[in-house]
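Form predicted on its own, single chain, as C-alpha cells, below.
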Amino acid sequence: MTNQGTNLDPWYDSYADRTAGLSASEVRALFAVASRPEVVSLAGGMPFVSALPQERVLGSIEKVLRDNGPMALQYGSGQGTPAIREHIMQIMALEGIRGSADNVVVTTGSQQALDLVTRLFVNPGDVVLAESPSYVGALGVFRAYQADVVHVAMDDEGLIPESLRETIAALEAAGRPIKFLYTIPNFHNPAGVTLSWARRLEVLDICRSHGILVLEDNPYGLLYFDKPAPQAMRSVDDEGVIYLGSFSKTLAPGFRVGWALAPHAIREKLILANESATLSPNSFGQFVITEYLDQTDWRGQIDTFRHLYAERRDAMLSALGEYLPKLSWTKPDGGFFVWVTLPDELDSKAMLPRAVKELVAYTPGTAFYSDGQGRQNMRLSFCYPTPEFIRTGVARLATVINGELDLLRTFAGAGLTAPIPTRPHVTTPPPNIL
C-alpha cells in the first residue's frame, strides 16, 4: 500500500502550484462568533442597505420582470448592457471622468475587475506596488496570482510620492518587473485617508515616467462627508490608468455589479477575460440597477448615505476620544473606516480573541499587509452599527486594551501578548471584513 501520509485530500498532489498560497484566514473562525447579535462588530465593511428605499428597489425589480423579464433573466454581453454603461459614465462624470461607454467593462463587483486585471498582467514573481496598508481583498488576489506585493508608505495625505520613487528605483536596480501600482485614493480602505490632488498628479507623473500602469480603485468616492474628494486620477490620464468602480457601496453589494474603465486595448482583453470567467456579468442585476437609476433620485439617496455615515463616523471619533484618548487614529472625510494605532507593546491580532470574548470585534492590522506588518494597528468600521452600538463597541474595546496594558505592567517581560508567527500564505477573508 502506498504511504500517502496524513493528508485527507486525495487530490492534494494534483493541485496547481499557485494553490499552495491559498488558505483560510486565521481570524475567519472568530467572525463566526462575532456575527452573534450580542457582539458589536466594528470589523465589517458592510454598507447599511436598510437605508435604501425598499419600495423603490422592489418596484424596480417588479418592473424589470414585467417589462423585460426574458432578457433580464438571460445570458448577456460580456461587456455589460449599453444602458448601464451609459449610467456608469454619468456617475464617473461626478469625479471628473469623461470618455466613452465603449471602454467600460461591467464585472461581478469590482473584486472581479481586480482579479481580471491581475490575471491579464501578472506573471509569477512580478511586482505589484500597493499602499502600506492596502485592501485585504486585493492582497488576496495578487498573491493568488503569485505576485510579489511591495508596499509603499502612506501618511495622512495618502501615498507618499518620495517613497514611491525610492521603491521603484530599488526594484528597477534589482531588475524586478513592476506591473502596476494599486491605489485606493479616496477614503482609503483600511486607512481612511484621502490622497491629495497635488500628490495624485505627482504619483501619475512618477508612474508615467517609469511605464507603470495605475490601478485606481474607487468604491467610496461619492461617500464624502463635508466636501468631495479631489477628482479621479483617471480624469487626467486615460491611457495610464484603469479605474475600478462599484455599486456595492452606493446601492447594494448583493447585486454584485462593478466595472472597470480601461484604455481601449486593455478593454478588449478585459472583455475576453470576463467572458472566459463568467460568460457574462449579472444581467438581472444590471437591468434592476438601470431601472432604479432611471426612476429614482439616486443622488439624493447617496446624500442620505453620506449623512448616515457621517453621523456614525462622528460617533466613533467621539467614543475613541472619550474611552481611548491616548491612542491615535485617522479622521476620515468619507467612506467607512478609521485606522487605529495601538501602543507599541500591544498586538492587535493576538488581542482579537480576547476582544470577541468581551463582545466586540475589529479587524487586525495584519490583514492589510503582505509582509507581517500591522500588529500595532486595527481597522474599525463605522458603516453598519448604529451610533449607540458604536459607542458600546468602543467602550468594550477600551476595556480590552486597558486590560491588556494592565497585564503587561503587572507581568512585565512575561510575553503575554507575544506576536503570532506570520504564515506565508494567502488569507481569504470572509466577505464581511472587506
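Counting begins at 1, following the sequence as shown. As the structure is a computational prediction, the values presented were derived from the model and not from experiment.
If you look for the form predicted in complex with another copy of the chain, you will not find it shown, but the lines that follow are about it.
Contact between R119 and another copy of the chain in the model of the complex is found at the 4.5 Å heavy atom cutoff. Taking the partner from elsewhere, S318 is found to have every heavy atom lying beyond 4.5 Å of another copy of the chain in the model of the complex. In the model of the complex, another copy of the chain lies within 4.5 Å of some heavy atom of Q54. When contacts are judged by a 4.5 Å heavy atom cut-off, L171 does not count as touching another copy of the chain in the model of the complex. Heavy atoms within 4.5 Å of another copy of the chain in the model of the complex are found in one stretch of 243 to 251, 339 to 347, 323 to 331, 83 to 91, which is 243 to 251. Not one of V152, R176 and Q373 comes within 4.5 Å of another copy of the chain in the model of the complex, counting any heavy atom. Checked against another copy of the chain in the model of the complex, the residues T290, Q112, S132, T167 give one hit for a heavy atom within 4.5 Å, which is Q112.
Though another copy of the chain is absent from this view, in the model of the complex it lies within 4.5 Å of a heavy atom of just one residue from Q231, T304, T296, T278, which is T278. Contacts between stretch 204 to 219 and another copy of the chain, counted in the model of the complex as any heavy atom lying within 4.5 Å, involve S209, H210, G211, I212, L213, listed in sequence order.
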